[in-house]
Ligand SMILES: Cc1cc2nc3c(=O)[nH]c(=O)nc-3n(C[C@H](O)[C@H](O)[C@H](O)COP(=O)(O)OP(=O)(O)OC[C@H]3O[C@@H](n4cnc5c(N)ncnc54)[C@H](O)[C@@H]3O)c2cc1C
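In structure tokens, one chain follows: the form predicted alone.
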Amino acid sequence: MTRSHAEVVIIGGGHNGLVAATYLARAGHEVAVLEARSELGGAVASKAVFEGVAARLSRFSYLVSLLPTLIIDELGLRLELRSRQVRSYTPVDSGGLLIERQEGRLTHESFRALTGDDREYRAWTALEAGLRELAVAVEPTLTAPLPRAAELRDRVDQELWSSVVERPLGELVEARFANDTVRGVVLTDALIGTFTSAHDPSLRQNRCFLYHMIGNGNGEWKVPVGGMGTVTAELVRVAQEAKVSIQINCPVVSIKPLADSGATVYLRDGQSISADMILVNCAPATLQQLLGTPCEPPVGSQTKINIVLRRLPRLRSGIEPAVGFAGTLHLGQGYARLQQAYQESSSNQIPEPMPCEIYCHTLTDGSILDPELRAAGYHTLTLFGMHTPANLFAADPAGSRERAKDAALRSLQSVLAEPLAPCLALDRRGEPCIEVMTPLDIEAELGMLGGHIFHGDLDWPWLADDTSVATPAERWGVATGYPGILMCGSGAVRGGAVSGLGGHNAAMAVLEGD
């Protein structure tokens, strides 16, 4: 067995690993990134999925909110993150609820038409103002050592803090809103990527909600021009310029901590590499497996469907497709339906109708399509099916994948004024351009344990007031219990989504300890 040594080894070449590698290499560290797959970027990737159709889709992650401007500027990433003109649209019978990105007259009129008066709109704007206050307090701390809860609590309205942080989110939703559609629009941000319900006493829904609301101080989710692959391409560029050693097709099979600090990493090809510091860009449960420690794997809960269309279908409500699909199109996400779908999934049933979110990347950024397809009116759709935990697919992966696809497409068809099938693009074999990925498929493609897009339940992005911390890793939220092994991915405190925070904060912990 050939043995080698590096100052820092980063396991996993996803976006967080590349962020950490660049910061550390620029600070003078010798850094090696080991990536099991043949491609870098993990879930932050683009690919031409359908043979003969020149559309580079953001196959897994598809929007950016939590990536701080600080990281973009410090690393010198040449990225354009473009705003969508519509925040969301929720079809309801022959009408619906339209919420603009810059909320104005159309949003106000839409609330009034849906609910009959201005009470829900006033409650909505009041909640939005409170959440902006919370976001402004929390967001700047994400790239600093973890604050204490009390530091943040004192900066915001105490009732809002209690409602978001201390009590199940369902209480806030039910106390502030009466309309089922409005309640559902609020709750859905607490459920994306998290299998839970409005009144879960664990508050995992509250933590998910908070992360959806705080990105860059306003919670706006933006479209990466060129697709998610452009984010990875830029991170690879700056890492290579910093002289990071990057090895692909290099799976790690085990980690053995050393007596004082650091560890030896064993590779599938029989080689090993020891390092003073190991940064792990994978799920905490995956780390436990590599250490040979029993663990409970996380359970992903979403089905991702990528679609290419010849043209956008007409919506039954009569709203222009270029408006209805431009933001997040909510389907089957009324408050009562979300609760019911959770119960169905908990009883081992694929929810029908399936709660879904859909958006059209190409209405904001057409560059992911070949010019000929753009000129012909082609578009892409990203569909995110909720409440579909991995256990639903275990007994019959292929059959249950097909059933989940049918349930999701029926949710879409239910709001259309015409059949979806004639609008679908066809690949070279004449097959509809529809790609379906269940949590099991995501795990198989990415090595993301359980297909859980956050690598596990999200943590509050602060320290409890009575928590004691003694090491840089603990202060930055990247500790693992092993002094030379740090989390640097979505499994870190303040990890999750396309943020780079896990990588940034792990690098800062290493540099603080130098």
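Numbers follow the displayed sequence, beginning with 1. These figures come from a predicted structure and were not determined experimentally.
FYI, the form predicted in complex with the ligand isn't displayed, but the following is about it.
For a residue to qualify, one of its non-hydrogen atoms must sit within 4.5 Å of the ligand in the model of the complex; all three of Thr286, Ile442 and Leu446 qualify. A heavy atom within 4.5 Å of the ligand in the model of the complex is found for one listed residue only; from Ala263, Val308, Leu134, Cys250, this is Cys250. Although the partner is absent here, Arg37 sits close enough that one of its heavy atoms falls within 4.5 Å of the ligand in the model of the complex. Although the partner is absent here, Ile350 is not a contact residue: none of its heavy atoms lies within 4.5 angstroms of the ligand in the model of the complex. Contact annotation for Ser46: none of its heavy atoms lies within 4.5 Å of the ligand in the model of the complex.
The closest non-hydrogen atom of Asn505 lies beyond 4.5 Å of the ligand in the model of the complex. Contact with the ligand, judged by heavy atoms within 4.5 Å in the model of the complex, is confined among 459-467, 482-490, 49-57, 24-32 to 482-490. Applying a 4.5 Å heavy atom cutoff to the ligand in the model of the complex picks out Leu290, Lys304 from 290-306, in order along the sequence.
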